[in-house]
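Take a look at this single chain, the form predicted on its own, given in structure tokens.
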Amino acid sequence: MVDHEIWKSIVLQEFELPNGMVASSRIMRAATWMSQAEEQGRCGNTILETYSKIRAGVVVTGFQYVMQEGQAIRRMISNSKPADVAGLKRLAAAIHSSGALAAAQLVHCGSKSQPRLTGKDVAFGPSDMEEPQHKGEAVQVKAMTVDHVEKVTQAYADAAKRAVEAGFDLIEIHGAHHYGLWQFFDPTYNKRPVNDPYTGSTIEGRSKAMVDAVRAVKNAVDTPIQVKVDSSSKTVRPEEVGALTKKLAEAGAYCVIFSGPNAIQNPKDAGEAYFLDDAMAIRPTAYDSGLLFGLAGGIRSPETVVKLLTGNGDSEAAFDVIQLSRPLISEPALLHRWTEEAKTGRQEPARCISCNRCFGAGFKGKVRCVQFEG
């Protein structure tokens, strides 16, 4: 149980962005694929209704593909062409209707893209490879040329312009979950030679695609930029991510959100805040960069939220923002419930049991809490 005054002063503390805009709390709704976009990635009434119910200081949309060739899954949101702006305006307005600031998460899914959705013969990523699929098949991945990578970089900038035109308050660049920009950073995917500017042989080369995307967006729009990154992987150490985050700060990001390649673990097995240890190994490298830090992954109780935001008494260990996903699928107004319960002295954890059936429902219709909604 968290004292009401502590809850108000810590969790509900106003969060000011670099452009002077203010979020009503330090809780962000993490970007989540909701399987609710319509044909060609349009934002229709179903997705608008879903986002209008979410309560958070900042609501980050499910990933928006910046080029159709970068689409990984059906019913993703499109931010790849001028015609998308009308629907994105409605989406931003739906988020604002709840009192939240609206963030657009931008992505090119790289080798995770699906040719059956994109109309291409292959997927495009850092290197030639085969990308395994769930049913034992494989997608052929063709290495992007330098010119192709530069076109993707420009696509991020163009998508950011459309997002700002649509009324979004900040941009989140997706550099996690083994999608395109992370693939350039991760040697598992990046086998580009030493003489390539995006070489997989050096931190500089591995970082370039993500850093260039941040810089391109920064030059295109006067809007705060945050980046979601994996805190580690099988072939990437947290200390290397620390070097990356410092470069992201230099390129113009104001905040980095730490996640991981397996973002839908069960906190009962992995513990709450299951990326915390890696995130704490990353932070010292970039601590003096001026970056703000956020954390996602398995956060389920109000006590854990407060501990993370305060560092449990250690200011150097404190996070600036917390991102929640599955709990806000189950309870879009969870933050309101926690706030009301703090007044009574009977706060209860999120009801989400991390069964992940919400995402299974997405392949049959739309992402929703099957456990409690039936």
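On a predicted model such as this, the values are computed, not experimentally measured, just so you know. Don't overthink the numbering: it's just position in the shown sequence, from 1.
One more form of this protein exists, namely the form predicted together with a small molecule; it is left out here, but the text below deals with it.
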| query | finding |
| --- | --- |
| Listed residue (296, 88, 248, 141) with a non-hydrogen atom within 4.5 angstroms of the small molecule in the predicted complex | 296 |
| In the predicted complex, the one of 206, 162, 228, 112 near the small molecule [non-hydrogen atom within 4.5 angstroms] | 228 |
| Close approach of residue 32 to the small molecule in the predicted complex, 4.5 Å, heavy atom | yes |
| Partner proximity in the predicted complex: residue 264 to the small molecule, non-hydrogen atom cutoff 4.5 Å | yes |
| Non-hydrogen atom contact residue 174 with the small molecule in the predicted complex at 4.5 angstroms | yes |
| Distance check, residue 324 to the small molecule in the predicted complex, heavy atom within 4.5 Å | yes |
| Stretch in contact, per heavy atom within 4.5 angstroms of the small molecule in the predicted complex, of 208 to 216, 174 to 182, 149 to 157, 129 to 137 | 174 to 182 |
